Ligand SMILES: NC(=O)c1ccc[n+]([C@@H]2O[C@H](COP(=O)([O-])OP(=O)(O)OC[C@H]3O[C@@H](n4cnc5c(N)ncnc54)[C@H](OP(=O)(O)O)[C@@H]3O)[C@@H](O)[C@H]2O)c1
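Single chain ahead, written as structure tokens, the form predicted alone.
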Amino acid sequence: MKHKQTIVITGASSGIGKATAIYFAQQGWNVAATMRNTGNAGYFAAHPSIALFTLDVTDQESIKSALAQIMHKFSDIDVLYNNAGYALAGAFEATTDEQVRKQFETNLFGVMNVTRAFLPHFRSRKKGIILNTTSSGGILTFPLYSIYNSTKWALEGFMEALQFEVKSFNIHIKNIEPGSVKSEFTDNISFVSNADYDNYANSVQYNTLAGYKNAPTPDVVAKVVFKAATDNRSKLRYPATSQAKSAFFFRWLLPLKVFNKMVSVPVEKEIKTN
């Protein structure tokens, strides 16, 4: 009888995490879908191979408890997918220390906490895959997203370095790097307003969000996540949308000054009003 593989997904309540949970279930996997609040996840009811677990990546006890429950149900874990995260946007000067720390606690330290908790299991079984949603924002930068970008750049560096120390245990690190995706992610962007910057910031944020209207759905990314989990390749980075692929190519090809202008012009344009 073929071993039924199991994936653990953080931030599975919406967007990429939700789509990935459903896609893996459709491919015959066991899915441990984790989120801070499982009470509103009735949309998984049609998928009996998806089990829900409460997990807050910023809470060590929550992580420990979720891991114990997941191991009790499934006994074995093949893939960990660190997906939980959100974006803080706005002028850096307008942000508070608390807002900055919260962004890092979720997007970076949360990933570190969960990864550290799961590593002993992968070491003991001498195999495992750790996937991470890092974003194209971990390779290039966007106006108003300096804090978000810094968490994703740090995550890219952390995972690139971590792969060296875990490779002897046959543990593979893989980063999923989507560009813009049409999902609840944009609804949860925490935008910081400040009168001294609002003339610029409001128009940039408006144009940035407008760019999501024609973006691909999370299902596109879910398929890339599945490929990364099953292709048996020792590959670190997986651009997950066509936008990300082209952006990474031009980031490599063009001088930084030219590339940054290509990024900024569409979002810094003046908003036309009637």
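When you see a residue number, it is the position in the sequence shown, counting from 1. None of these values were measured; they are calculated from a predicted model.
Below: the form predicted in complex with the named molecule, not depicted.
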| item | value |
| --- | --- |
| Heavy atom of each of Ser135, Gly179 and Phe185 within 4.5 Å of the named molecule in the model of the complex | yes |
| Which of 191-199, 76-84, 115-123, 160-168 lines the interface with the named molecule in the model of the complex (heavy atom within 4.5 Å) | 76-84 |
| Interface residue in the model of the complex among Thr58, Asn207, Thr230, Ser65, criterion: non-hydrogen atom within 4.5 angstroms of the named molecule | Thr58 |
| In the model of the complex, Tyr148 touching the named molecule (heavy atom, 4.5 Å) | yes |
| Ala12: touches the named molecule in the model of the complex, heavy atom cutoff 4.5 angstroms | yes |
| The named molecule contact at Ser203 in the model of the complex, heavy atom, 4.5 Å | no |
| Distance check, Thr141 to the named molecule in the model of the complex, heavy atom within 4.5 Å | no |
| In the model of the complex, residues of 100-116 near the named molecule [heavy atom within 4.5 Å] | Thr106 |
